[in-house]
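Heads up, the chain shows up twice below as structure tokens, two forms, tagged structure 1 and structure 2.
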Structure 1
Amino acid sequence: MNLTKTEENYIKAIFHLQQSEGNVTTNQLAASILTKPASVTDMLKKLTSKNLIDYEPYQGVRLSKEGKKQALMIVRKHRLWEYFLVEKLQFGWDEVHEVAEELEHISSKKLVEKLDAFLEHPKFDPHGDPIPDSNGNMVYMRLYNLKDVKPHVLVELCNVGSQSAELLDLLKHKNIVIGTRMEVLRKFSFDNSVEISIKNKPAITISQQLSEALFVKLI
């Protein structure tokens, strides 16, 4: 199916929003794509005509089976390109999102499959998000929000809840990356900040806001 860049952006936005929101409202979609609700309504009619979404005015929107399939392939390309940029071209993990936003619209299936093989079929992108395989399947891990981890438990960072450049730059400043192992030492009730220890480094205190953005697995 041939889709325009704008149509692909809408499908991907719906995919991400419906993961936590269920049915996606016009206003939520407009805010995500930074456009006017009236423009969203027009696009939803086009996507409905292509059987990519299930949409009823005032009831919200969800991807159809075909829409989800298309969205997963867009996500697959985006995350593979991010992995390539970080692992092969030494981009910082805070630099790759916007570049991958452009590369994800390349339509060549052969190129994507060769890229996947060249990268030896990675399961997760540099931010810890699962990469869909050619059938749309993803590997999921049971993760815990760092703010919920009890003191004196050893964990490993597996995912960041946001890919904002500001968050990633802060993590880089604190030498925290995907795969970093840390121990929660103490939680402070005054502001819900968390003291953590990283191997061979002095203990540091991170804010509640930062701890809420970090997802870890238990070691």
Structure 2
Amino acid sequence: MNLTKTEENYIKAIFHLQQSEGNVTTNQLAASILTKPASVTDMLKKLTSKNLIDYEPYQGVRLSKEGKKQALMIVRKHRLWEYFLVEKLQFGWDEVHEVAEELEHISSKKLVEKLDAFLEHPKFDPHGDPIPDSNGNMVYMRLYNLKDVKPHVLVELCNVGSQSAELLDLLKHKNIVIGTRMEVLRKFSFDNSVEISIKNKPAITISQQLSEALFVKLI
């Protein structure tokens, strides 16, 4: 059951789009893969014949059990390589995605497992996304958008909603990284800015845009 790079990219795109409810539509996939709907239909037929998806014409698509298994392994590789690039090769946050997009298609099972061991089995990638283990299991964590957190609640930054250089730049300047603990002090309804305190430091104010890009867990 060896997949081509293109098939893998489709499978992964379906995986990300189908998160939770509903079927993934042809147009959604075309947009996500930067291709045309007609090409997607062709590929959906192919993936159906390989039993990787459940697909009814005009009704959208979901991954089959086998498809989901394959998707998890691609996501595993993608996130392990991102972790490697940031932690070992000193890449920035914002630079790793495209490279990992290529590295994720290297199929050696042994390579993945040895890389995982070398990295000491990380649980999260540099953007805070969970890394599936070799069985496809990953840590689930209930996350909240910082903009929805009530004042006086202690939280820890776990994930970012964007991987842009701009966001990385801003967070660096504010000395915030994934894992940083903070408390929401108050919120200003005029501009939806949020005042937060990071331990031992004077309170700072962050913009609505920034608060919407930060996902935290309760502690």
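Structure 1's sequence is the ruler for residue numbers, which start at 1. None of these values were measured; they are calculated from a predicted model. Only the largest set of C-alpha atoms that superpose within 1.5 Å between the two forms is called the rigid core.
Annotation: structure 1 represents the form predicted on its own, while structure 2 represents the other form.
Relative to the rigid parts that move between structures 1 and 2, the hinge contains Tyr140, whereas the other entries in Ser107, Ser197, Tyr140, Ser164 stay over 12 positions from any hinge. Rotation of the smaller rigid segment with respect to the larger between structures 1 and 2, from C-alpha superposition: 16°. Relative to the superposed core, Lys201 moves its CA by 5.9 Å between structures 1 and 2.
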